[in-house]
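Here we start with a single chain on its own, the form predicted on its own, put down as C-alpha cells.
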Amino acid sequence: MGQHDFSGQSAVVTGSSRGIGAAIAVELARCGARLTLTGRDNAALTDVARAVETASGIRPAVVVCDLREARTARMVVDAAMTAHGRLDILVNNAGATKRGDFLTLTDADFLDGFALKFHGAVRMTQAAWPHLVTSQGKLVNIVGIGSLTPAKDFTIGGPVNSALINFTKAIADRGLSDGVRVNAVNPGHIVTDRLRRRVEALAKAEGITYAEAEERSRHEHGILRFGSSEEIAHLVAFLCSDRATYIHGSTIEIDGGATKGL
C-alpha cells in the first residue's frame, strides 16, 4: 500500500498509456484505488494495465478511445461504473499540442489542440460530475506551465493550457456547493517521450550529443534537473488524499523553479 489509502475507491486517469498518466495510474493503484485507464495505444495501455494490476492486485478497466470524439467521455465513465460501481477520482491528463513556428501552424492544428486536451477534459468532467458528487470525490486536471509562461513555439499549447486553468477554477467554484474537490497541476519539464524527442531534435539541429543537448536545454530553462513522472504522480495522490482536504481551486506548479512569474 502506498502512502495514501484509496482502498475501495475508483479512479479514471485519461491519457494513461505512457508518461505522466501511466505514473499517476500506477501510484493510485499502489494506494489501493481501482483504475480505469484510457488512451489511443492499445499495446501501451496493456503494458500499463499489467503494471497497475501488479501494484494493486486488481485488474483495471481499459478503454481504448479517442477523447476528441464527443461520445467518448460518456463511454469511459460508463465503463468505470460498470467495472467498479462508483467513481471517486478523475484525473484529466490526456492531451498533447503541436509546437512550431506560428506562421506554419494551421487551423486544423489549433482545433486539434483544443479538441483533445481542453474539450476532452471538459466532456470527461461533465460526464463524471454526477458520480463525483455522489462520492464527494476529487478532480485533478494535469495542465502545464505553458499556461503561465507564453513561448513563441507554444502558441497552441499555451492558450489551451490557460483555458483549462480557467475551466478548473470555474468548476472548482461549483465544487464548493457540490462537494467535489477540484485542483490543477502544472508540470514543468518532465522526462517523458515528448521531452526526449525535443532534446533529440535540438541535438540534431545543433550537431551535438544528446547529453550536451539535454544540458543546454536544462540550462536554458534555469533548472537544476528535469523532473520525473513519478514526482507528478506523488503530488496527484496527495491532492486526492484526506491530507489535502483544504486545497481546493488551486493551481500547483511542480517545475523545479522554472516558472519565475507570480
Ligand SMILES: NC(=O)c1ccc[n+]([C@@H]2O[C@H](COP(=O)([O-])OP(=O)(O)OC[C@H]3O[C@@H](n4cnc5c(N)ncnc54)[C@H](OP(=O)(O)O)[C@@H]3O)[C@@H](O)[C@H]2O)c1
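It should be emphasised that the depicted structure is a prediction, and the values quoted were computed from it without experimental measurement. When you see a residue number, it is the position in the sequence shown, counting from 1.
The protein also exists as the form predicted in complex with the named molecule; that form is not presented, and the subsequent description refers to it.
The closest non-hydrogen atom of I156 lies beyond 4.5 Å of the named molecule in the model of the complex. Although the partner is absent from this view, I171 stays clear of the named molecule in the model of the complex, with no non-hydrogen atom inside 4.5 angstroms. A residue is said to contact a partner when one of its heavy atoms sits within 4.5 Å of a partner heavy atom; L116 meets this definition for the named molecule in the model of the complex. Looking at R30, you'd find every heavy atom of it more than 4.5 angstroms from the named molecule in the model of the complex. Heavy atoms within 4.5 Å of the named molecule in the model of the complex map, among the stretches 94-102, 127-135, 173-181, 81-89, onto 94-102 alone. Looking at the named molecule in the model of the complex, residues G19, D41 and R68 each place a heavy atom within 4.5 Å of it. For the options L195, L202, I58, A51, the one in contact with the named molecule in the model of the complex, meaning a heavy atom within 4.5 Å, is L195.
The contact residue chosen from V122, I190, L148, A163 relative to the named molecule in the model of the complex is I190, the criterion being a non-hydrogen atom within 4.5 angstroms.
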